[in-house]
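First, one chain by itself: the form predicted alone, in structure tokens.
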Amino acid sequence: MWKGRFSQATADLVQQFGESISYDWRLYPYDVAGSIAHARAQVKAGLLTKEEFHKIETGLREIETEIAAGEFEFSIELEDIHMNIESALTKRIGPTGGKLHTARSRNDQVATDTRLYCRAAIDELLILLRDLRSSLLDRASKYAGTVIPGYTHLQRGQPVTVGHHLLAYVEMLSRDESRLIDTRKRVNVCPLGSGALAGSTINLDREQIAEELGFDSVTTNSMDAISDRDYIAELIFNLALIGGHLSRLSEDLILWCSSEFGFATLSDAHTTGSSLMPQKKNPDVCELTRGKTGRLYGNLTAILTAIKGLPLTYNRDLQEDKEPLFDSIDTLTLALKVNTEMIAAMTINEEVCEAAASDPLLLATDLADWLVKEGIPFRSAHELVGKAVAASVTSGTPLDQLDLTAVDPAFTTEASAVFDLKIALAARTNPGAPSVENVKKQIARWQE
């Protein structure tokens, strides 16, 4: 494509080092769509006849069909998807194909293709996020009143319900959805027409092109339009954060499925066994999700490093944006799908949960609150309950069976009423608190 300037062919090693067709081939439907919109604008500008446009459109559609069917032969010598398609088009329809690249550069072409790809990926990810939220809501609804210990520092803290716990992840995924929707707005701006960096003396109708491709607007600075990869970095960050949320969920489920906790059981279809130990049932989906989150974080680091310190406008470093982008989308897409299936098939072992929630130490804070209601300052109440807990541990007597009046006169016989778990949970009625009534209202809100 630059043989007019060069007297030597590109070295084989340089071709291998610089090619991107091995991975950017997946941009082909967006490259075809962008080329057709560009050619239509050329007709309006008088650069193509309607007959020439028809030949170009027909040829591009045929090439698109061949690629989709796996029948197209890509050439590493043509470097990327853009030149592979343009070369095939020219071979197919003759010199008319050579007119297609008028008033555009591969720089604005790839920026357009990548934005279209990101937009489509976001739309699919939004659906997958909603599917996972639906699975979590289904389980939360089924176990809305199943009480378990809530933890801090992985030590038992206060009572919550399985439904409340799972709704925490629904909240996280909702924020993820909101971030993706917001990112989509910045993705959906059309750079086509920016040329290599300074537009073109041949002015095409950029608004027409943008409208045809479904963009909301056009970029307003050609140099920024060519060099901008903010939208890719932002999208990869969003994917990494979703991965972080899935990883936290995975860790919870790994603990819940252990013999030590025993709160949950995953289906045989979503677990694996051991090649040596026949009794094993391993939560591999959770562990892989946790592991692949590191990969998502790595891709974010890669893109941020690639764009660091680049002068305006286009630099070949920007070719390094695609593999992290493609990998993050592929990785998270599969992770969302398999986690949605796994959660939907998960069961909660309610008897085990009930036994764990019967620990009277879970209501130590409630005991302090009782003292506060009796007029004791909270810091003093905290100290008194701490003494009661120490006495319980030292004597081996459960806190709810301890003679609290012997610990301090501030306790009366009425204090033991605190240790009714249903009453204690029902009292947590503030917005966001885990009373069963609250949990059911939140489930209904999310389902609606």
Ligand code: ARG
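Remember, predicted model here, so these are calculated numbers, not experimental data. Quick note: we count residues from 1 along the sequence shown, nothing fancier.
Another form, the form predicted together with the named molecule, is not on view; read the next lines as being about it.
Judged by heavy atoms within 4.5 Å of the named molecule in the model of the complex, the contact stretch among the candidates 19-27, 420-428, 433-441, 6-14 is 19-27. Contact annotation for Asp176: none of its heavy atoms lies within 4.5 Å of the named molecule in the model of the complex. In the model of the complex, at least one heavy atom of Asp80 sits within 4.5 Å of the named molecule. Interface residue remark: Lys322 is counted as part of the site for the named molecule in the model of the complex, having a heavy atom within 4.5 Å. Although the partner is absent here, Ile232 sits far enough away that none of its heavy atoms falls within 4.5 Å of the named molecule in the model of the complex. Though the named molecule is absent from this view, in the model of the complex it lies within 4.5 Å of a heavy atom of just one residue from Thr313, Ser200, Ser87, Asn107, which is Asn107.
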